[in-house]
Structures are given as C-alpha cells and as structure tokens.
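The structure tokens that follow cover one protein chain in two forms, given apart as structure 1 and structure 2.
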Structure 1
C-alpha cells in the first residue's frame, strides 16, 4: 500500500480563546504563549495511515505545505512512524484558498507517483473548511469518502465507516481514493523514542514550484478561486452573573431559584 497523508502546521487550536488575536495589518491570526502544532485532524489522518500500514504493509509519505515550517513540528508524522516527509515550502504556495492548496498538494502527489490512498483530516483547525481532501479527489479524478472513522482494506477497494448525524454509514470505495479522517477513529499514537531518533536523522524532501513543474499563477493567492475579504473577531458581551453561597449546595439552590425568577425554568 502506498499511503500519502497531508498534514499542516497550524497555530495551537487548544490555546485558551482569550490568547487568540488577529493582527489587522496582516490579516493573520496568532495565539500568545503557544507553539504551532500539527493540525489535529491531520494527526488523526497520520494515525489512520499507520493503522493501514500495520495491517497491509507499505509506505507512508507525509506531505506538508506552508512557510516557516518548524522542523520539530512537521517531523511529528515521522516520529509517529511515517517513512518520508515532503515539504512544499515556499512563499508562492501560501495565502491561497483550499483549491490552490489542493492543486499544489495534488501536483506533489503526482510527483510521488504511486498512491493507493490519500488521507487528509476532515477539516483543518484554522480554515475549518473541510475541502482540501475533496479538491484533491476532483483534481486526480478519483473517488473520495469524507468524515471517515474506520478503514478496512479489501481486494482493490476499501470498506470505510463514515460518521453521519445519527450513526454511521459503511461505504465501499475503489482504490485509489481520498479519505478524510475524523477523531472517532481513536487517539493518534504517541511518538516512540525510536521514532523520535529516526525523525531527527531524517531530512525532509523540499520541493519548490519548479520541482513540481507547476505554473506559479496556479499557486497560492493567484491560483485562488475564493478570496478572504475580511478576518475579524466577533464581539462578546460576556456578562455572566456568578451565583455564590456559603456552601456549594446553597449556591446550587440559589441558582435554581434565580433561573425560576428569570423565567428560564
């Protein structure tokens, strides 16, 4: 099995909301006091690819597009057990939309050559788009299943479970295909000491637009079909009435009475 997994470097989505700021000059978001991380659903996708590799054998290649990629962050898939890491690191790749991002990733996937399953997260924690996986499928002309929580490889196809509102669906999808992965898959594994040592030694492969043979006009901002006109933080009123008491039990009773008074109960 040739497995390709797409992971992204993002600002920490678990940082307290109060530390989240937007720089109006650059329209970029930051969190104070937290280092960047691998996008969490991308990490579930890495876990999914490693599970397939364990069951069927093969090779896992991680691909990451961005700039200022911190090696200790983007090497996490390697320390978890991936075999190779390809970085699309160049100014030309960034500030695009899901389409131009997917176009570059698809070009890299074609250059890698052999692929049976391409895995992405169900949505990145910054864009909350859920589109890069489906876009890769459209570009490569292969089928795609989204929000997948379980994968079983059969002969020439995969049997996957896809989360829906009231349960899950079982889908059989021919290979090669794209799968977008959800947290119901189960927690990603921790890197092992051996994995960390291997990742330290492994040099990522870096591909510039010229290496992919793609036209710069198709990348980043100039290749985008959607434009972000504005990025802003919604205003919060935040006027919580804290109800106290001499004991927790008293506070609880007072809360119930206050809700009755406010006609909430």
Structure 2
C-alpha cells in the first residue's frame, strides 16, 4: 500500500486566547509564548496511515505545506513511523485558500507517483474548514470519504466507518481514494526514542513550485479564489447581578421574581 498523509504546522490550539494578536490591516494572527505544533487532526491521519501499513504493508509519505517550517515539529510523522517527509516550503505557497493549497498538495501527490490512499485530518485547527481533503480528491478525480473513524482494506476497496450526527455509517469506497480522519479513530501513538533519533537523521525532501511544474502565480495568495474580508476575535461580555436577602428564603424569592422579570421562568 502506498499511503500519503497530509499534515500541517499550526499555532498550538491549546495556546491561551491572550497569546493571540490580530493585525486588522493584514488580517493575520500572531501568537506569543506558544510553539507551533502539527495539527492534532493531522496526527490522527498519521496514526490511521500507520495502522494500514501495519496491517497491509507498504510505505507512508507525509507531506506538509508552509513557510518557516520548524524541522523538530514537522518531523513528528517520521518519529511516529512514517517513511518519508516532503515539504512544500516556499513563499509562493503562503496565504492560500482551500483551492490553491489543495492544488499544490495534489501536484505534490502526482509527483510522488503511485498512491492507494491519501489521508488528511478532518479539518485544521486554525481554520476548521474541512475542505482541503475533498478538494484534493476533486482535483485528482478520485472518491473521498470524510470524518472517518475506522478503515479496513478489502479486495481493492476501503470499508470505512464515518461519523454522522447520530452515530456512524459504514461505506465501501474504491481505491485510490481520499479519507479525512477524525479523532474517534483513537489516540495517536507516542513517538519512540528510536523513532525520534531516526527522524533527526532523516532529511526531508523540499519542493518548490518549479519542482512541481506548477506556475507560482496559481498558488498561495495569488492563486486563491476566496479572499478574506475580515479576521477578528469576538468580544464576549457578561453581566452579573447579585441577589441578596436577609434569609436564604428571601434571597430565593427575589431571585425567582428577577428571573420572571427577565422572562427566564
């Protein structure tokens, strides 16, 4: 099995809101005091690919797109057990929308060559759009199943369980295909000391737009079909009113009256 898993370096989603700062002029967010991480849903995709490899054999290639990619971060798929790491690292890839990002990833997947399953996280923690996986499938002309929690390979097909509003459904999808993975898959494995040491020694493959045979003008911000109008942090305000009384009973009666006035009761 030839497995390709797409991961993303993101601002740590566990970082406190106070560490974020948004520049309204550029519609960009910066963070202070929090190191970047591999997107958590991307880690579930890596785990899914490794489970398939363990069951059916084959090779796992991780692909990551961005700029200023920190090697100790983006090498995590290698330390978990992936075989190769391809980095699409160039300014031309910056600030792309779903379509231009998926176009670059699809071009890289074509350059990698043979593939049976392409895996992504169900969504990235920085945008929560959940669109790149299906867009890759559309560009490559292959089927896609989203929000997948379990995968079984049978006779050239993937039988998957995918989450729905009131449970899950079981479907079969022919290979090659794209699968977006959800956290219901189970916790990703921890890298072993051996895996970490091997990842340190292994150098990633870095591809620029020219290596993909893609016009840089069709990637990143210049190739985007959607433009961000505004990025902002919502303002949340709350009011607290203390209801007192000489006795608990009196306070309770006043509270009930106040709730009726507010039409809560």
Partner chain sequence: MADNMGVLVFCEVTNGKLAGSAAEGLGIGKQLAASLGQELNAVLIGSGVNANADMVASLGAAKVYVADDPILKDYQTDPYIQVLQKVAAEMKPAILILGQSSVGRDLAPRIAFRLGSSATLDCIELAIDPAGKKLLMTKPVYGGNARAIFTSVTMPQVVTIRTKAMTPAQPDPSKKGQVIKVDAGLTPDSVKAKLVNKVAQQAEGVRLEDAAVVVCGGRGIGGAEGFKQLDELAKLLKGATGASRPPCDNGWLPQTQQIGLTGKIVAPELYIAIALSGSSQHMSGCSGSKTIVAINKDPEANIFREARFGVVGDWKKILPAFTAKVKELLAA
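What you are looking at is a predicted structure, and each value in this text was computed from that prediction instead of being measured. We call the rigid core the largest set of C-alpha positions that still match within 1.5 Å between the two forms. Numbering follows the first chain given and starts at 1.
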Note to self: form predicted together with its partner chain is structure 1
For residue 255, is the CA shift between the two structures at least 2 Å following rigid-core superposition?
-> yes
When the two forms are laid on each other by their rigid core, does residue 243 show a Cα shift of 2 Å or more between the two structures?
-> yes
Once the two forms are fit on the core, has residue 32 moved its CA by at least 2 Å between the two structures?
-> yes
Aligning on the rigid core, what is the distance the CA of residue 17 moves between the two structures, in angstrom?
-> 2.7
